[in-house]
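Starting off, we have a lone chain in the form predicted on its own, written out as structure tokens.
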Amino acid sequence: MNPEVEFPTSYALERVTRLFPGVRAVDTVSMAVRSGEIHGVIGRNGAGKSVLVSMIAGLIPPTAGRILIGDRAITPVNASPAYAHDLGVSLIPQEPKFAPNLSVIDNVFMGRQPTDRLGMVQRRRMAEAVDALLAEFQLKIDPRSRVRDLSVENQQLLAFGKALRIERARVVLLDEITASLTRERRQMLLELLKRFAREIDGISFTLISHRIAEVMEFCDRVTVMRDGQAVATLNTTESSAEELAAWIVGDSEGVTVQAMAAEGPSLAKRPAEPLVKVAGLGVEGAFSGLDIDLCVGEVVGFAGLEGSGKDAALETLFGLQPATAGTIAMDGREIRLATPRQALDCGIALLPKHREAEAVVQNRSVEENTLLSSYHRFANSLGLIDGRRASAAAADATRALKVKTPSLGTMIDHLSGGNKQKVMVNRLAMTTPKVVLLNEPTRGVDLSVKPDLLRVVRTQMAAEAAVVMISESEDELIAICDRIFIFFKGRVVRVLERGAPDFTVGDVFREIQGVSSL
């Protein structure tokens, strides 16, 4: 797209603001997206990107301002998903909202079933349209299968295809949907965006992404969000990755760090002999060549984009992915971690990324969820649990981390996401592990809760164990880590150490993006 040529506007925001209690998530944002363009929106976590597109899609009403689509406007008074949908807006989130127990065909045509003159649903026509959609987006799935049986990436591509081919959307909002796609699927999707932007009259794509390289290659222009504000809109052909990174980071590096972890890390000198020695560790197709020593009293961060290898490395240290290369030694003895059970037997514990699916036991009490992995600590010689002592320990842990619950007997389903996460952290801490692996411990947690969780990691967990933590927040990593291992395209490309001049939020962000190698 030639930036000097006048193009019609697809949609525009006029001083749009969204307030939440104690937080100005989006702050007087004005921007315009042109018809026929792919417009990137980029920024660090918490910059306001997802809230912005949620307002355009009518999911969240703006507190002030308006969103113009054609000659109509979304305002604080009339905002709704149905109204935005009628204006041609379609939002594809990271986790698409489908009816999981219905078939692919029924989900694609939900609310839009074609009928004949007698009002009979034309199932054959629906099936033929879905077959064509699946072929175009290279989805090798049974159209009669239930959506719940599809992978997240297939659901994302299905939602994208539905928006374009069935709903005929003209304002298509893509909220980080490339994050969980394989490299091949991501490339395919982005090439399709380019094609559709050329071929479909009046359409625009707004792509939220964490990847600078992706935005620079596929977007015509990009708006940078920082602290809820749109601080710049750049033409990608006239900018560089380094310039974009500088806009994203800004000049406020580290300002929020102390607010996130009320106490900075008190770092002891590393022991002469590490607890764990990892040499040449790798999983074919995921990551390779990981060398790392882990010491009690230390918090080590793993940082990188989705697919960089950081998640696979953490899972390998817990036996979820058996290593195809390298060795792991603990206390000077080589150990085999082919299953999570073997990791647990070695004193290694994991807090998974997806709390609801992989950690929380639904329909069970707060006490049961807290004690699930540590009941054996309260058993007598006959194997009987001392219920009073176990309950007292759960109560102490609940108070220490300020878990908001009516009682220990309350079903965990009734707690907020942040309080559920606190319970999971307590469960992990009560197993007294030697090595603690944390995959995004503050994921989905309110800002007010994060300092409590980070303090527990730094001052309690790390006091008794070696801690490895993944976080999408550069601020959190800088706040509590001693060393940060940067993963990029399956390898550790740099290790940043506390106290060094490059141990900054900006350096972590730039290294994660691979800006120096673009």
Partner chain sequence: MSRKLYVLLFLVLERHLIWALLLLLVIIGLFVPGFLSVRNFVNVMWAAAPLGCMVLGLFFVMLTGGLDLSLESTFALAPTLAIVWVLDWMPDQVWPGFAVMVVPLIGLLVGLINGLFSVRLGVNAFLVTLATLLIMRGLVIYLIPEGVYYMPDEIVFLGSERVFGVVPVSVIVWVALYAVAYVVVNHHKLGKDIFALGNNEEAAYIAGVNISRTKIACFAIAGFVAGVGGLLEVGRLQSAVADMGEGDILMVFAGTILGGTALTGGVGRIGGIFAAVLVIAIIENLMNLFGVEPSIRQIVFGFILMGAIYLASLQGKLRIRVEEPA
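Values in this document were obtained by computation on a predicted structure and should not be read as measured data. Residue numbers count along the first chain shown, from 1.
A second form of this protein, the form predicted in complex with the partner chain, is not displayed here; the remarks below concern that form.
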| query | finding |
| --- | --- |
| Partner contact for F318 in the model of the complex: the partner chain, 4.5 angstroms, heavy atom | yes |
| Heavy atom of R333 within 4.5 Å of the partner chain in the model of the complex | no |
| L372 within 4.5 Å of the partner chain in the model of the complex, heavy atoms | yes |
| Close approach of P340 to the partner chain in the model of the complex, 4.5 Å, heavy atom | yes |
| Residue (of L164, A197, V283, V360) lying close to the partner chain in the model of the complex, criterion heavy atoms within 4.5 Å | V360 |
| In the model of the complex, the one of L382, V77, L118, A135 near the partner chain [non-hydrogen atom within 4.5 angstroms] | L382 |
| Stretch from 220-228, 273-281, 364-372, 206-214 whose residues place a heavy atom within 4.5 Å of the partner chain in the model of the complex | 364-372 |
